[in-house]
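Before any questions on binding or motion, here is one chain by itself as structure tokens, the form predicted alone.
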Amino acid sequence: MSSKPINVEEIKKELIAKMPTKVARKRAKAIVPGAGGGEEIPEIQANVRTIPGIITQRGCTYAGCKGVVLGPSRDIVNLTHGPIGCGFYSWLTRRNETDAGPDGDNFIPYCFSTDMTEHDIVFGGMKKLSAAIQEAYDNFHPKAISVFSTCPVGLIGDDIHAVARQMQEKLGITVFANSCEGYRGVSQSAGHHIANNQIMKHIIGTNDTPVEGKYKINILGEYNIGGDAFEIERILEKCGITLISTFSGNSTVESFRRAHFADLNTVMCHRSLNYVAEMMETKFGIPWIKVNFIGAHATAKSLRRIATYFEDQDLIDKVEQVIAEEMPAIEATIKDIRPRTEGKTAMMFVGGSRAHHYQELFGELGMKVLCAGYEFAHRDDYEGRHVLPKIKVDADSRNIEELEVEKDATRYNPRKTPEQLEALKAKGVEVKDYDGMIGQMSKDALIIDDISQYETEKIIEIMKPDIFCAGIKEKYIIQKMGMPMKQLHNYDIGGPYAGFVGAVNWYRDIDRMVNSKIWALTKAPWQMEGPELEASYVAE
């Protein structure tokens, strides 16, 4: 841990000092201090193109559409239309778990691709796509098939939507396509938006069979990595809350179809599923609130917010009973572990909400987050949704279709009156609201959007945290620097980390990582002392 006092402006200057003038000027806008002490929240540059030549954490639009939003759904065949690389390298990389259920349908373990070749790029791949959809149907008989286009498909102009319509008419099941070519947006976020649009257009609200339950909710933006959704489901069931659908961890297409019967949408990852939350409110009258099931106290707070929303004393009492039953294990574990983690420091650069959510868990261990940031966030994820009217729609954002959603003529049913929503706001439950991350980090913490490889190495060198949390691309570089690295995209072999059981798992894993002596002994090969190999070119 660094013993130097933290001066965020000095660190910022040091981070950009060696960059070319124009690059430094642009990157400076993406680096701001926290404002958790009541300071004015600074404007941060986010959701803009990465500077060419800079290596960052970001993935592509296809990754956000297929890999994040639709990939975890177990009974939709997710078919990649393109060369085999994109399909293969997005296959089973996030450890999205699922329960196959009574019908046994689970297509997550399979890699579906049209395997386009040079011949298909030259002459077109639409016939190959039709044949692949037919083959997938003949072999698996899925309830739905979703098609994802990759970069070459967008360049050659295959009309995947026309093929999807033709095959839907032929097969009698839902077949829809996503124009999510990797280059279509500046990051994965564009892919989230595209997937949200297609789910809303083709699946949500297509089954009007009623759902039984007194307190009915959906969870948006939870992907069951390492079993997180299983733990959340356990807690909700214990409270007597009916979970209709999770978008999209441990999910089924039928649960999506009947999601419009919920009385409340709860949003975990604000970036990836807020679009569906907004559209469902407009079309069906379902309000949404921001929740966080990462961290024991955050979980308890979210449960209380849900209970307050339903304004039912039986549910309020049951939630308090569940919290009282779960907290002793939390408190006992913290009492044991916190003396070993108190005062240690962390950095987090991951996702579009995770770098915010996981600060709760570090706080419960008495650890301080020195620096955090997202890889595909927008300004509202950092500054809060109050800045939405001020955000200008740029050319990249215009590449993404904005669905025109209207009130459903027969099924629009506002769950709360304006007066009820105002009363809930007075109780601390505000709908359509998210404060963002900046306002909850201290003024001596640093927020960096779309951090680069160079900036990562430099910030570690300057601030010397005890642990670094990010994704797979950063993992081995950080470990070679002699520092424990926690993967928050797929947890490596860990998890679940959500809910009460997940919090205990996290405490124990972080305790082992930050107190292990092995990292202090780790040296990269170029740091070793010893014989050097020498060689020379020999001309023949």
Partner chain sequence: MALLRHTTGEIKERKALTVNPAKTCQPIGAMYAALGVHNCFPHSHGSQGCCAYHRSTLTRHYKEPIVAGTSSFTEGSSVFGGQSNLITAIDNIFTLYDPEIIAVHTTCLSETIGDDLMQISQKAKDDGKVPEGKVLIYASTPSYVGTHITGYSNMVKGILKGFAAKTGTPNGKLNIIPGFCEPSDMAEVRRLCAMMGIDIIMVPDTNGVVNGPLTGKYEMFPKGGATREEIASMGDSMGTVGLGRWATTDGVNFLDAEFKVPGTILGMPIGLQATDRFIETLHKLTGKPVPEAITFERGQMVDIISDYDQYLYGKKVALAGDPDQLLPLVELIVTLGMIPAYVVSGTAGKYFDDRMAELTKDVPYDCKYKCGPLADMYLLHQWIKNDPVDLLIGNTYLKYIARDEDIPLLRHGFPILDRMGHQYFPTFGYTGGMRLLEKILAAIMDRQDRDAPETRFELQM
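Residue numbers count along the first chain shown, from 1. Just so we're on the same page, rigid core means the largest C-alpha set that superposes within 1.5 Å between forms. None of these values were measured; they are calculated from a predicted model.
The form predicted together with its partner chain is left out here; the points below concern that form.
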*Answer range among 292-300, 242-250, 465-473, 417-425 for contact with its partner chain, defined in the model of the complex as heavy atoms within 4.5 Å*: 465-473
*Counting non-hydrogen atoms within 4.5 angstroms of its partner chain in the model of the complex, say which of 212, 169, 404, 138 makes the cut.*
138
*its partner chain: the contacting residue among 304, 379, 258, 184 in the model of the complex [heavy atom, 4.5 Å]*: 184
*Contact test in the model of the complex: residue 513 vs its partner chain, heavy atoms, 4.5 Å*: no
_Considering non-hydrogen atoms and a 4.5 Å limit, does its partner chain approach residue 28 in the model of the complex?_
no
*Evaluate residue 11 for contact with its partner chain in the model of the complex, applying a 4.5 angstroms cut-off between non-hydrogen atoms, and reply yes or no.*
no
*Does at least one non-hydrogen atom of residue 70 fall within 4.5 angstroms of its partner chain in the model of the complex?*
no
*May I ask you to list the residues of 462-483 that have any heavy atom within 4.5 angstroms of its partner chain in the model of the complex, in sequence order?*
472, 473, 476, 477, 479, 480, 481, 482
_How about residue 17 - superposed on the rigid core, does its CA move between this form and the one not shown by 2 Å or more?_
no
